[in-house]
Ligand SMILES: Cc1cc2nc3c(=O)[nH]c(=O)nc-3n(C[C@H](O)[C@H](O)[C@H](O)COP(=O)(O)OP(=O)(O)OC[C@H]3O[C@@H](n4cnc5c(N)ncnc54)[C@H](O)[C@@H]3O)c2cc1C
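First, one chain by itself in structure tokens, the form predicted alone.
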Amino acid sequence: MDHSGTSRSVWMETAERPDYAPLDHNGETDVIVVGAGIAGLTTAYLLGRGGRSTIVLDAGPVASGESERTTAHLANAMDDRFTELERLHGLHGMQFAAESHGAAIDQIAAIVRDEQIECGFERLDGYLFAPPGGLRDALEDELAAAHRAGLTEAALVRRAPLRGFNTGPALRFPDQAQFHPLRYLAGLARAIVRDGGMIHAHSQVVEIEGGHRARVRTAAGYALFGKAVVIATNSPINDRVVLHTKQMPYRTYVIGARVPRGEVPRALYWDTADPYHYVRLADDGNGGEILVIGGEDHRTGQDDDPAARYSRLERWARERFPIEDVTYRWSGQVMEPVDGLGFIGRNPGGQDNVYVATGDSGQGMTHGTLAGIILTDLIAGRPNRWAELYDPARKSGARDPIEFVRDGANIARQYARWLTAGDVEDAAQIPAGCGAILRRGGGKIAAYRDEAGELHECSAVCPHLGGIVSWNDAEKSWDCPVHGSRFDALGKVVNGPAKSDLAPVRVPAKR
């Protein structure tokens, strides 16, 4: 099986996805949940368990967004490092971060047990190690911070337990976990429906209103009314500016490689490189094992050679693991908050009954589960000890003030692309299966030539806040480098914050 020319995760190959009919009527419920990924489904499940009625809407099938592109590490060993979280959020904030993500793993374990979901959930160790030339002192500092965070069983070991690759000193974090995300989410969806909830796929939401009687309208014109709305769409589609200034979108790359069964000990592995690498094992459904390796992150829409990133990732992996062949390649989108922690709670600056979950910072499975826990408590009127830490309205300090200034300059450069030339001078230069930006008069066109040679054109202007999209050859998509909206090759929106497609334009007649 060769997936070198496509983007398809191992999860898509090894699970059946339940499908649900589009919304075809108006209706009313207690809580409307927009987004059928892990945050939305966990919220709907927990609300249903508590006796509240829910309707879940998604523009695609269940778990067809970033939840199917995760590598599904379940960790309370925080991606943004405890030393950094303590600097930004203080001792108690760091402790709550570790505690809350640990509670999210426990919540997943409880749901797997209670609902008897066959998803390969297993507890295992995680190992953090430095790249060649990395400093042991940094690991020792992180270990001390992890102990202050409450992870007192974390320990410095001589090396991670890999046979052919000496990592050097590593931090061992016990009681981490992994699972098959699509099988887990399919089980959640079945439980939601069993408890009386409703799920409607292929139902794109285009309008959201809070207030005493909240309203959500789909592209097909149907409306739902409820007491509360939860926006769980990875990047919020209800907010045009506020939260998008507090986080940045990144693409992260993954390969799935066959390895001899039993040759790589089952654990989670991470290094401290920049960008860092993350590794785990997955079953291939036929008794074999797939090593899932991720890394090579970059700002969305700001790299024109994803093939080179896959090549570097494969080279890094082959130098360290007994890889037989690479069978999967895919990428995902990560929302990086400016202060290392996600945003879960009431939408800032809006009505009290509109809630959001975003800013997963590379820990989408635990963050999405945590969102379900916190939002369920807020909607039910119960106190939650972590709500203040993740409050979307909090004042967020930048990790690095210099980097914050650079991010602002980066955004300004993206808007300057309105004035630059196109990628090519003429559409005739675009080969089949590829896209490129054309300048035509005072505007810019996103032009795609399909495999049959037919040219398709639409506006290159993102309908969210007017950024100029870029062609992503690995995903065959148009990606906005400003706030991360993404569109398929024909301009149909596939990722927010944009809610509408790229505007169509008329292809000039051939002379």
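So that there is no doubt, residue numbering starts at 1 and follows the sequence shown. Quick caveat: nothing in here was measured; it's all calculated off a predicted structure.
Keep in mind the form predicted together with the named molecule is missing from the figure; the text below concerns it.
J.: Only one of 451-459, 54-62, 22-30, 438-446 gets a heavy atom within 4.5 Å of the named molecule in the model of the complex; which is it?
T.: Result for this chain: 54-62.
J.: Among 340, 392, 301, 332, which has any heavy atom within 4.5 Å of the named molecule in the model of the complex?
T.: Filtering the options by heavy-atom distance leaves 332.
J.: From the list 176, 234, 247, 100, which entry has a heavy atom within 4.5 Å of the named molecule in the model of the complex?
T.: After the contact test, the surviving option is 234.
J.: Does residue 278 reach the named molecule in the model of the complex, with heavy atoms at most 4.5 Å apart?
T.: Residue 278 belongs to the contact set for the named molecule.
J.: When the contact criterion is heavy atoms within 4.5 Å, does residue 477 count as touching the named molecule in the model of the complex?
T.: Result no; residue 477 lies far from the named molecule in the model of the complex.
J.: Does the 4.5 Å heavy atom contact test between residue 170 and the named molecule in the model of the complex come out positive?
T.: No - in the model of the complex, heavy atoms of residue 170 and the named molecule never come within 4.5 Å of each other.
J.: Report whether the minimum heavy atom distance between residue 254 and the named molecule in the model of the complex is within 4.5 Å.
T.: Contact check for residue 254: yes, within 4.5 Å of the named molecule in the model of the complex.
J.: Between 21-45 and the named molecule in the model of the complex, list the residues on our side with a heavy atom within 4.5 Å.
T.: Heavy-atom contacts within 4.5 Å come from 34, 35, 36, 37, 38, 39, 40.
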